[in-house]
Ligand code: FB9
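Presented as structure tokens, the chain that follows is alone, the form predicted on its own.
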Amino acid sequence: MAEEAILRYLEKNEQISDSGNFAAELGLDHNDVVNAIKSLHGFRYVDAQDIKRETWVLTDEGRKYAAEGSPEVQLFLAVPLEGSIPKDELQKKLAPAVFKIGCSQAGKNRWVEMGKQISRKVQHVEDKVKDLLLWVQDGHAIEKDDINSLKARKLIVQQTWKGYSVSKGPNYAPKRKKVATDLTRENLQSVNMASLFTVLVMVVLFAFHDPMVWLLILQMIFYSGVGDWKELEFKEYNFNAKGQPAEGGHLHPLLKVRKQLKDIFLQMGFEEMPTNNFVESSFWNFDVLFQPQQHPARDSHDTFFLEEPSTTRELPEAYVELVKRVHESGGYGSRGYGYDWKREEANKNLLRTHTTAVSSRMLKALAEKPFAPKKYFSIDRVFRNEAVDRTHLAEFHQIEGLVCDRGLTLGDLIGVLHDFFARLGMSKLRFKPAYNPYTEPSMEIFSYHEGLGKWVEIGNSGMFRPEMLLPMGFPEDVRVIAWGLSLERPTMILYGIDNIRDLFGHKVDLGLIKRNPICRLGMD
């Protein structure tokens, strides 16, 4: 309807000077008129020029005061003509916002005497604010000072009105011709009635002539009597127009940091361990690491045990016997734990609680060969039965590195840690003695956080105990130094994320993954 009105108007007039006035005069919605103008302009039926006007409109609060009166006048009218009214009683008569603003403005205008008792100082006032608001509401202009006053009280806001002036375009026609966008089956099968009538007349005239005439008639029916597609006008296609840009994949922040860490390990000469074994036996996850079977970490409150299959099918029996012996009675200079080691506990399957279970398998395989120094690392998922909060999840990623060589000392461990963390941009390190069942000595690693202005724990480290290495078959002078940290903590620091659930899990915002920058680790 809006398109027809525009084309009819331009048939008798040179232009539509203002689409807003045009819509108002014909009782049309301006948005419908604007959409029609855009469509007609696209097909060059009309030429359109933008019109912009800055206008002032009432806010919700402004519309309320335009209808009910300004707060100061409402408060003034609530004060009796003679005498006074207690402030508490007056407050009950008015809405909280009206009372608060009314007291301020009426006092400022010196209309009332403020105190515990409120009384009038004048007998009559004019509601200039309401009058100005009504004036603006009707579309009239007001003085600049009045605008500033209403704007300061947030009773009016500026609004940009957009419209068009319209004139005839190069393809103008009083009526828009519908163009086809597709050639349909119906177009091909439809009959052109005028052509068909001509053919029928020819049939009557030549009904008794040579059969060749019939062939000619049939050809005429096929080529001229059938298919209104010949009269269709098709919409032009812009083959140079670009489609929507194809959106590529986006790497998760954890993957970006993981790639940087992996590159650092490779630069330092480390080999990556296979970590695709999420389900592990308690033997490789705990017992091999000289972790006693009554240790709290092996409790069901800290570990996810499997129901099916609940136990492992096989373990290296000779090695199991050596591990059992060192647990019960020690050896290699150790007294052991002095308890009855149970095979059924070692057989239990679980979701691995640390990637050190992978390290234990790799070291056992290394010990069975002629000794050669090795550097291993892994970065993968582990599982802990922990309460979920802003810094803990039931599953997270662990980074682990280890070096196996003859004669290694605690000094070698500290040196490797300084080299590794310096490549992460953490040059200020401190170490604190700690306890781990499978490392002795053990150290917690702290780094000075410039942003927080304090020392922050970033990992754990130590030297694997002889009770773990010697039953595997390593020579007595072989030492293994190792350290580990989480992948989530450095990622959260790098990307300014303070809740781990915003980084990993089902609550992650996909927009974050699309917007996050490249990860860059390096020296300070």
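In this text, residue numbers run from 1 along the sequence as written. Quick caveat, the model's predicted, so the values are computed rather than measured.
Form predicted in complex with the named molecule: not shown, discussed below.
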Exercise for review: Check, residue by residue, if 396, 436 and 459 all come within 4.5 Å of the named molecule in the model of the complex, counting heavy atoms only.
Suggested key: yes
Review point. Residue 380 near the named molecule in the model of the complex, any heavy atom under 4.5 Å?
Key: no
Review point. Does the named molecule get within 4.5 angstroms of any non-hydrogen atom of residue 449 in the model of the complex?
Key: yes
Review point. Going by a heavy atom distance of 4.5 Å, is residue 483 a contact of the named molecule in the model of the complex?
Key: yes
**Study point:** Heavy atom of residue 356 within 4.5 Å of the named molecule in the model of the complex
**Key:** yes
Check your understanding: So which stretch, 66 to 74, 483 to 491, 26 to 34, 52 to 60, is the one near the named molecule in the model of the complex (non-hydrogen atoms, 4.5 Å)?
Key -> 483 to 491
Check your understanding: What is the one choice in 323, 254, 426, 366 with a heavy atom within 4.5 Å of the named molecule in the model of the complex?
Key -> 426
Review point. Exactly one of 263, 113, 127, 386 has a non-hydrogen atom within 4.5 Å of the named molecule in the model of the complex; which residue is it?
Key: 386
Exercise for review: Check each residue of 128 to 159 against the named molecule in the model of the complex and list those with a heavy atom within 4.5 Å, in sequence order.
Suggested key: none
